[in-house]
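Okay, here we've got a single chain as structure tokens, the form predicted on its own, with questions on binding and movement later.
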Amino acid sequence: MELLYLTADDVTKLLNMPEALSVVESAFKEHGMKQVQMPAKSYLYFPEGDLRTMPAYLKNAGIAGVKIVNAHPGNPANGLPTVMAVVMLNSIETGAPLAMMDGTYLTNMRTGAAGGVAANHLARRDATVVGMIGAGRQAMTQLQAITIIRDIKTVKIVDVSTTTCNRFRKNMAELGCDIVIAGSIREACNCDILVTTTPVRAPIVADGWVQEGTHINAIGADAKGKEELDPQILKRSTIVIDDYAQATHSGEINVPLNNKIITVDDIHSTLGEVVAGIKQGRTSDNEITVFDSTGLAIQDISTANHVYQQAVKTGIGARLKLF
């Protein structure tokens, strides 16, 4: 019994954003059609961060597996990524492990791809300006995906770290956008597509800063108690979530729901339902739309399977004997 082992370098070689967009959109469609098994994330909480397990089975694709991922905000000070992960793929016929791969780059790519899929279905077609609150690794993959699905001219970024903003500008220069370091969060909110990727536990985007017609990818709230947006923004928006169980527990909507500022009736749909054509996406240019992203195991497993298939085709990776 052999296992295919793929390092971070291997995964990076085998996965690009256009491929991730296609694979993740297909996974959301399966989710919308209720063709997946995906228990909600299971958490272990530590003083410094948390550890999560994320299993999934996609029936139509015939793939299954689990991701183990951490979130430790203090890691950059120690030279480590905030988020690190490994993904295991298993045979649905025998349950045998097929592959184990680094999931850190994969996680960044599949989350960026989810934001791209959401923006493609929910943002205005004439969107040209992106505002980004938080300029770390996740902001980069969000922008990579969005520039594929929209003709983005200007990007306004803001972050607590000037160094992070400068690194973002340097790394994203190849996209050909005019990248401007905004003087404030309010300035960054003057945009067509707003992306929030911070770990905060109190709103940093005020209701009055978000103009009509804006689409928001709310990415940072991925654990209980986290929120980035003034709940009043949600009250006047079309809310699209990735998954009911996860979003109500740990997404952008979790605090407003617990505080009874919004109810589950205020949720328009899941992104999968929009992708599958079951529910309509944006209906007017004046509508504010919010995608509440918590990160789904179906994104990880579908993307990991794509990487695995490409590795088999190209002969990349190491074969490890298990027994």
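A residue's number is simply how far along the shown sequence it sits, counting from 1. So that the term is clear: the rigid core is the largest set of C-alpha atoms that superpose within 1.5 Å between two forms. Fair warning: this is a prediction, and the values are worked out from it, not measured in the lab.
One more form of this protein exists, namely the form predicted together with a small molecule; it is left out here, but the text below deals with it.
When contacts are judged by a 4.5 Å heavy atom cut-off, residue 213 does not count as touching the small molecule in the predicted complex. Residue contact with the small molecule in the predicted complex: residue 77 places no heavy atom within 4.5 Å of it. Using a 4.5 angstroms threshold between heavy atoms, residue 226 counts as touching the small molecule in the predicted complex. A residue is said to contact a partner when one of its heavy atoms sits within 4.5 Å of a partner heavy atom; residue 164 meets this definition for the small molecule in the predicted complex. Segments offered: 254-262, 277-285, 22-30, 292-300. Contacting the small molecule in the predicted complex at heavy atom distances within 4.5 Å is 292-300. Taking the partner from elsewhere, every residue among 133, 136 and 198 has a non-hydrogen atom within 4.5 angstroms of the small molecule in the predicted complex. Of the candidates 180, 84, 127, 204, 204 is the one whose heavy atoms come within 4.5 Å of the small molecule in the predicted complex; the others do not. Once both forms are fitted on their core, the CA shift for residue 249 between the shown form and the other one remains under 2 Å. In this overlay on the rigid core, residue 72 has a C-alpha that sits 2 Å or more away from its partner position between the shown form and the other one.
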